[in-house]
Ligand code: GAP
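As structure tokens, one chain now follows by itself in the form predicted alone.
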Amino acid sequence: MANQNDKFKKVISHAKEYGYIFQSSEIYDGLSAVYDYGQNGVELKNNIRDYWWKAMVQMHDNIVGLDAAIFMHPTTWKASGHVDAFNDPLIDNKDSKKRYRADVLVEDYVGKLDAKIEKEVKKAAKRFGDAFDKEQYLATNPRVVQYKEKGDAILKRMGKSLENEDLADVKALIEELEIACPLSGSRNWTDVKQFNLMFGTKLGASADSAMDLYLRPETAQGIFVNFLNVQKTGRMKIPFGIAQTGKAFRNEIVARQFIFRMREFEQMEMQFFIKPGSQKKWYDYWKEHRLKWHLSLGMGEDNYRFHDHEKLAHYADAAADIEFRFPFGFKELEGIHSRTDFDLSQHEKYSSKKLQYFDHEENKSYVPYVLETSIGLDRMFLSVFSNSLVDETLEDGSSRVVLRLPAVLAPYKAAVLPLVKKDGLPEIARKIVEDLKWDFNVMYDEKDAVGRRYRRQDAAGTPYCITVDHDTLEDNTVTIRHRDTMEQQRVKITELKDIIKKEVDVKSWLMRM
């Protein structure tokens, strides 16, 4: 656990040091669980969003985009169930006066069991070497099986209790497991209570006539209320999808773990409208398809797993998370949900407008079912950033910090470095920057010795460094250095564009799906 904490602290400090993420309003001592993306962070964030959009919208003939407003008519949230049921179960520790999400305390307990399983697997892999069969070991080792069964039983019980709104049993579970306050070590807990997560605001010029509104807690409802607008104007035939990225807001009382759980965050969602009865087929399709998208970034198959929900929303008939191995353990990265016809039926009921699709093949109208894929852009950022940060020991015994971002997502694709600040080298370097920046985000860097500049660009995540030296004056060649291998090769200036394109081209990455 200490190791995980150290790694996570490094991620947070590196993100600040290299211009990726800053505490919001830091000069005023910051605002809890609100963050700003710095000059490198905004580029990485934009690149992740573009990578998702290209895969989701551009590469699918039957999926289109939308950008709905953050403010929506308040009845929207009554229809969606958020006014009555968008709650978190909270528990206070009487000694530390700290408030926690009861379900997260229990999940963290189960996470420790997962960590024990992981430890056993590592020990066994070391012991048995090449003969080690991980699947068989997980299924047969008595200690591992015991940990797994205990964890599953705990989550099943909690899921049932939350579904039945039996908050007393959630507290009883916390007491039975002897879960202590992480801050004080005390087990002196209050009862579990529900707390609504929506931010309220007002619309209107005067206090008397102002309308009570909410900041949207998710982007999906903007898609549902525009279902007919998009379907009719785009002449869309079922099955078809509507994708959207945008800000959402939740008054997380227990926001924590850096940008993993924030009060203002960004979602990338796609709602896929389908024929009733076909949801199982599409649920399986999108589970597989979305995992392939994650794997296309080359961050390691072992870092992903599916978690099927024990506790389903009352309107869902299937739900699973793609979980990622963050520095603090496996946590949800993306959700795939079979939402049946709940959303459109509810908006039909509350708006008194028909939200149906006329199926010419079947010659009848029906309310479509919905299959949802929903991913947090900030969580995706954290998964990419934390997985890429490596302390590397080199062959000569020295070490370097390198941010091995997938090149397609890196903020800057190349840095151009004149060896010295004289003899016409800066002029050639700047000319190369001017030429390349039509196609890629590139930067010019002339401060410090070239070795230190290499290290700085490694730590910032730049895939290529291009060095202009005195030989360049003679033969128009430069040294290009690769971030991950540190290999250097001499190439013509005219070849640079093709070399970089080969490494960062979206097509070559998405073709891995």
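What you see is a predicted model, and the numbers here were worked out from it, not measured in a lab. Position 1 is the first residue in the sequence shown; the rest follow in order.
A second form of this protein, the form predicted together with this ligand, is not displayed here; the remarks below concern that form.
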| property | result |
| --- | --- |
| Touches this ligand in the predicted bound form: Phe265 (any heavy atom, 4.5 Å) | yes |
| Contact flag, Gly376 vs this ligand in the predicted bound form, heavy atom cut 4.5 Å | yes |
| This ligand contact at Tyr315 in the predicted bound form, heavy atom, 4.5 Å | yes |
| Leu333: touches this ligand in the predicted bound form, heavy atom cutoff 4.5 angstroms | yes |
| Segment assignment from 229-237, 300-308, 265-273, 348-356: heavy atom within 4.5 Å of this ligand in the predicted bound form | 265-273 |
| Selected contact from Arg157, Lys287, Arg250, Arg325, since only one has a non-hydrogen atom within 4.5 angstroms of this ligand in the predicted bound form | Arg250 |
| Position in contact with this ligand when the complex is considered in the predicted bound form, options Asp341, Glu372, Asp88, Glu107, heavy atoms within 4.5 Å | Glu372 |
| This ligand in the predicted bound form reached by all of Ala220, Phe260 and His337, non-hydrogen atom within 4.5 Å | yes |
